[in-house]
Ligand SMILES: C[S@@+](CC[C@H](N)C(=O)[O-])C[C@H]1O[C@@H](n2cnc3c(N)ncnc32)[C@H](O)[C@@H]1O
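Just the one chain here, the form predicted on its own, laid out as structure tokens.
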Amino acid sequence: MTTATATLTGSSFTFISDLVRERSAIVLEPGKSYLVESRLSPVAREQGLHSVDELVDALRRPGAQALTRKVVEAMTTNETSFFRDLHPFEALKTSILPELINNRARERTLSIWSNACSSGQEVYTIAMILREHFPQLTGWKVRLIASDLSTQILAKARQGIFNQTEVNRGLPLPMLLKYFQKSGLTWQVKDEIRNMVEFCEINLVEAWPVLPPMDVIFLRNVLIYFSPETKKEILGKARQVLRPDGYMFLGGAETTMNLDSAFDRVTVGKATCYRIGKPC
């Protein structure tokens, strides 16, 4: 078996850093060589190469488009779990959705977007909340959109198959038993939940497809990877698709402060979220 060794040179790190920035606008700060090694060593092994440096050599050759995509996807796969940080989902269930359902009673539409959805735990959490607590949405046009720039991770999300460790992280046992089907050593989200979600490929730093006006946007733990200029651009585009009375969730270490003054920070229960402020 070919084993990739940890021999990443400074020039290879610079090449990967520039490549990832160009394709995804994610900034790899100096000192992140360990992250490049951990994410790309499996890719190197898969290609039959001995090191990440050899992988970089392969990327420099003509016709490496498919390999380039694999590398960028490997570097942009993020951590996720069911009911991650809990408070945003409690706010959604107890306050935000009841308010929006009341506001949309005449049009009977609701649109929620999970950005950088990774393997799907966030969007499936939202889907379970909708199914479990809001039977009044039966007959409504509900669009639950989940996006990521990685085709590989989107394929996993669409399948909705999770191992025991993944379902143990944050998923209440009653919901596991109610909304998942056990298959050998894994659990698969039942069709009634999977069919609620539309998965699509969206790179936040490129042109966005036409999206419906959003009532809730989950943009959590995404902005931390970008430069201030890119954060401003993404927030500006998010503002254009968020409805005037809608809500946007960011990660705990993220904020719109000094980036987009049109957003107001609000507290809903124990959660922090953002709304478009009213003009003075």
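All figures in this text were calculated on a predicted structure; none of them were measured in a lab. One rule holds for the numbers: they count along the sequence shown, beginning at 1.
Separately, the form predicted in complex with the named molecule exists; it is not shown, and the next lines address it.
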- Item | Partner-facing stretch of 223 to 231, 28 to 36, 55 to 63, 42 to 50, counted where any non-hydrogen atom is within 4.5 angstroms of the named molecule in the predicted complex | 223 to 231
- Message: Within 4.5 Å, heavy atoms only: does H87 come near the named molecule in the predicted complex?
- Response: no
- Query: So in the predicted complex, does S24 come within 4.5 Å of the named molecule, heavy atom to heavy atom?
  - Reply: yes
- Item | Exercise: D191 in contact with the named molecule in the predicted complex, heavy atom 4.5 Å | no
- Query: Is E107 close enough to the named molecule in the predicted complex to count, meaning some heavy atom within 4.5 Å?
  - Reply: no
- Contact assignment for the named molecule in the predicted complex, among L144, V167, L204, I96, heavy atom within 4.5 Å: L204
- Query: Which residue among A91, L130, L149, L171 has a heavy atom within 4.5 angstroms of the named molecule in the predicted complex?
  - Reply: L149
- For the heavy atom contacts within 4.5 Å of the named molecule in the predicted complex, list the residues of 119 to 146 involved, in sequence order. E122
